[in-house]
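Okay, here we've got a single chain as structure tokens, the form predicted alone, with questions on binding and movement later.
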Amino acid sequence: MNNQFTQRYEELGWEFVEVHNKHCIRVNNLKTNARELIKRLEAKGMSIKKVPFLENGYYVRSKYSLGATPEYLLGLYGSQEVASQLPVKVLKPEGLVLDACAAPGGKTAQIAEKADAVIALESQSSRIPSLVNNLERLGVSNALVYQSDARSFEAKLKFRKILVDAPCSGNFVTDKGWFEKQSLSNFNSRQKLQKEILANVLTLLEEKGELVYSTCSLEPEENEMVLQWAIEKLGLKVVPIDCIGANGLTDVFGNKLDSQIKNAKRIWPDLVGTQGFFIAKMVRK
């Protein structure tokens, strides 16, 4: 463990705890339902337990690889970490939705169950095949995938809901070597990218639309400080959400931030044993 990060987290009000991620799946209602899927998986000797704060999320204990079962290959479920299912729950998809940073497609498929249609953007050509294959496996028929950078994507249409699950620095729970790879300069570089994405996709949002911003980062440079910038420079407002987690920070290393940032949710890894996550919903003022 890197003491630099331990001290950072303590300053932010969290004492570092080592957390091991639990395996989780999301039932794909486009092809099955929870009752039928649980019956099939339990027949294989798997232990299934409902995630109490998710609509279709289930913890799974299995001697099999969750990505190699017939049920997975048939698209009856997706393997999707607990916290990563929360942004779409907060978004409450409806109408035409933009998924600005889509690969590998778990959230895109989650959106597609509720929305009329979803436009999914992915900037890296190497990630397009896995994104498309994932959507096809899950039976998604109302999504269009574009190889496009969310910082420059243009459209004549406006979107009722936009998800920016932004590229971020990640966190230690899903990467054992994370502490050795990261630095403050990395966080600032990611912040620049995140701001550029938000600035562009806001031009695509309906006047009364909603934008959900999320990261799997614990670093305030990529979370609360991005929201502060969005409030000041983009004229956005952070609104309350129904989501687990601690309130967003309004005092970051001695810097006082806008009080509305407390409406965001910061999911520290030991809260329910997930990777770290940050989620906020924003609307125009």
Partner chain sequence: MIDIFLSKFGIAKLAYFNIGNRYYTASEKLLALNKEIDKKPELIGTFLGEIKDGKFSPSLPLLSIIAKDTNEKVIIKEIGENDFLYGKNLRPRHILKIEGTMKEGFLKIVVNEKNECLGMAKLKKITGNEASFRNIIDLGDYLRRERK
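Fair warning: this is a prediction, and the values are worked out from it, not measured in the lab. Positions refer to the first chain, counted from 1.
Quick note: we don't show the form predicted in complex with its partner chain, though the next part is all about it.
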Given 168 to 176, 70 to 78, 182 to 190, 208 to 216, the stretch touching its partner chain in the predicted complex at heavy atoms within 4.5 Å is 70 to 78
Would you please decide whether residue 145 lies within 4.5 angstroms of its partner chain in the predicted complex, comparing each non-hydrogen atom pair? yes
Contact between residue 137 and its partner chain in the predicted complex at 4.5 Å, heavy atoms? yes
Residue 199: touches its partner chain in the predicted complex, heavy atom cutoff 4.5 angstroms: no
Would residue 94 count as a contact of its partner chain in the predicted complex, using a 4.5 angstroms cut-off between non-hydrogen atoms? no
For this chain shown on its own, do 228, 242 and 263 all sit within 4.5 Å of its partner chain in the predicted complex, going by heavy atoms? no
